[in-house]
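A single chain, nothing else alongside it, follows as structure tokens in the form predicted on its own.
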């Protein structure tokens, strides 16, 4: 866990990471928290679509697709 924090979009496919920051306004943070995405959450990248397409993540027993812009604002540490 000595690695530098990175945006979710840079987390390699099938790697797990812990969310350490949500870099956006209150509306952005509220929306993510309503979807179950919050600081301390452990997530895994399932797919990344090419050409700045969406990123699919998995946590607990569900999968969710986020736009690349949203995923760029989520900071994670590789675990």
Partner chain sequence: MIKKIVLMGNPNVGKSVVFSRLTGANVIASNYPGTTVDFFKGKMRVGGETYEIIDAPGTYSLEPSNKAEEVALEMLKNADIVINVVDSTNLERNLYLTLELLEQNKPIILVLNLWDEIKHLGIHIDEKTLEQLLGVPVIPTVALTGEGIKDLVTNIKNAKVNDKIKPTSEEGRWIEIGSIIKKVEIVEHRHHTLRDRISDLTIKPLTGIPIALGVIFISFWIVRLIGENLIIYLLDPIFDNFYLPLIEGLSEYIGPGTIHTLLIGDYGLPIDKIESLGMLTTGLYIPIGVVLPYIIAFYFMLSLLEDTGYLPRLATLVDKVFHKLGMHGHGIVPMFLGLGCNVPGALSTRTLETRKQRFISATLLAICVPCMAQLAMVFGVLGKHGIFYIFIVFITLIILYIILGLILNRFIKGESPEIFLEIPSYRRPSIKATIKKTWMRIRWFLKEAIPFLFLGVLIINVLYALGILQFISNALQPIMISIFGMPGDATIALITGLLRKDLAIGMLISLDMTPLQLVIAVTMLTIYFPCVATFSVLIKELGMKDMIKSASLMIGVAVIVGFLLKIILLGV
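Numbering follows the first chain given and starts at 1. On a predicted model such as this, the values are computed, not experimentally measured, just so you know.
One more form of this protein should be noted, the form predicted together with the partner chain, which is absent from this view; the next part is about it.
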*Among 16, 24 and 42, does every residue place a heavy atom within 4.5 Å of the partner chain in the predicted complex?*
no
*Should residue 20 be counted as a contact of the partner chain in the predicted complex, where contact means heavy atoms within 4.5 Å?*
no
_Non-hydrogen atom contact residue 66 with the partner chain in the predicted complex at 4.5 angstroms_ = yes
*Look up in the predicted complex whether residue 56 has a non-hydrogen atom within 4.5 angstroms of the partner chain, and give yes or no.*
yes
*So, in the predicted complex, is residue 70 in contact with the partner chain at a 4.5 angstroms heavy atom limit?*
yes
_If you apply a 4.5 angstroms heavy atom cut-off, which residues in 39-67 are near the partner chain in the predicted complex?_
46, 47, 48, 49, 50, 51, 52, 53, 54, 56, 59, 60, 61, 62, 63, 64, 65, 66, 67
